[in-house]
Structures are given as C-alpha cells and as structure tokens.
Ligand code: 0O2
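Only one chain is included here, represented as structure tokens and corresponding to the form predicted alone.
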Amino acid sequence: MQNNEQWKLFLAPYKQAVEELKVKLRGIRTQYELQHSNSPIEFVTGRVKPLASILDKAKRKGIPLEDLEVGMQDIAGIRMMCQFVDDIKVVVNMLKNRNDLEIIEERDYITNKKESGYRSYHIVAKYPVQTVEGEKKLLVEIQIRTLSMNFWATIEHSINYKYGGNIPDEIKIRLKRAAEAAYSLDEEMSQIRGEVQEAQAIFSRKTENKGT
C-alpha cells in the first residue's frame, strides 16, 4: 500500500464499521429514553485512526503493513461514555450479548489502572462489514469509561503528544493526582446516583412538556 487511493480503499471498511456501530449503539440510548429509563450510555463517539498515526504505531510496534488487519486492534475505535462507574459493567455485558460482535479480548483498566493513572475498560471485537467483495470481519476497539475518566484521558493524551511520550516527572505526578481526583468524583456521584437520576428525569419531563 503505497498511494492514497490504496489507503482509502483499505480504510473504507473501517469507516463503515465505525459509522454502523455509532448508529446502533446510539440507538440503544434512544430506546432507553423512549422507555423513560435511565440509560447506562451517556453518549457514543467513534473514529478511524488517521493514516499518519497508523504508520507511526506500525513502526513503533514493528507491525508489517501487510499485517495491519490482524496486528493493529484500534484502527477502528468506538468510545462509549457512562455517567456512573457501575454503568460500565452494564454496557460491557450488553456488548457481550450482541450477535454482531465477537469479543476476542478484554482489558480492565478500571480495576487495574495503568501506572499513569489511566482508567477505562477496553474491548476488542470482530465486527462484520458487508463489502462489494463479501463480508469482511474487522477488529474494532471499544473503550467504555465515565465522563470524568474521559476528561482525564483526553488531557493526558494531549500532554503526552506535546512531550512525545516523555512527560516531565512533575507533570506525571500532577496527572496521577488528577486521575485520583477524577475517580473520587465518580465514587461520590455513585453515592448520590438515585438523586442524580431522579433530578434528570424531572428535568427531562419538564423539557418534554414545554415542547408539547
């Protein structure tokens, strides 16, 4: 794969997989809303890894370009945000019960946080995409995390990029403190989960009534 057209052809099924999964997973949240139930899914995003990032990672990890489909698990990425830590387990079990996903790997960075302080739950699954050449099963990485975990991870990613992976020790320490503060916030919110959800339900009904 040397030219842009070949890369576009290679990445097209991954883009299709991301778009399909975003629609399907957002649809689940809509179903909860229609049932006037509290959804474990706050929102869903997705992306296909930029070509420059794919090439950089392949070089760092020693992955031959012809082996990208099996050697790189996160070319297609889905991120699912939850309000509460307990919702993450609900979402994980929901994903495991789907017929269109074949779970091949799980990484629990919530119970076993990374040294940096990073917390998230990662699932790697095979997802079937229908192409002109027939069905193609692609690897997709799904990250499930709370809003506060996502805020921290987004900031840490930016800082890590700025320093090329060599974050100064002082900033590392502050990031770890921030990670613990974020998790503490999650724990506190879990303690008042009932109050939060009841307040959100009241607000939602009030908004609906105004719209009618």
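Note that the structure is predicted; figures quoted are calculated from it, not measured. The numbering used is simple: start at 1 and walk along the sequence shown.
Here the subject shifts to the form predicted together with this ligand, a form of this protein not shown in this document.
Taking non-hydrogen atoms only, Tyr109 approaches this ligand to within 4.5 angstroms in the model of the complex. Using a 4.5 angstroms threshold between heavy atoms, Lys162 stays clear of this ligand in the model of the complex. In the model of the complex, none of the heavy atoms of Lys59 sits within 4.5 Å of a heavy atom of this ligand. None of the heavy atoms of Asp186 is located within 4.5 Å of this ligand in the model of the complex. Partner contacts here mean any heavy atom within 4.5 Å of this ligand in the model of the complex, and among 175-183, 38-46, 25-33, 153-161 they occur only in 153-161.
Listed residues Lys136, Arg79, Arg98, Lys126 were compared with this ligand in the model of the complex; Arg79 is the one with a heavy atom within 4.5 Å. In the model of the complex, Arg107, Tyr109, Lys114, Ser116, Tyr118 are the residues of 96-120 with at least one heavy atom within 4.5 Å of this ligand, listed from first to last.
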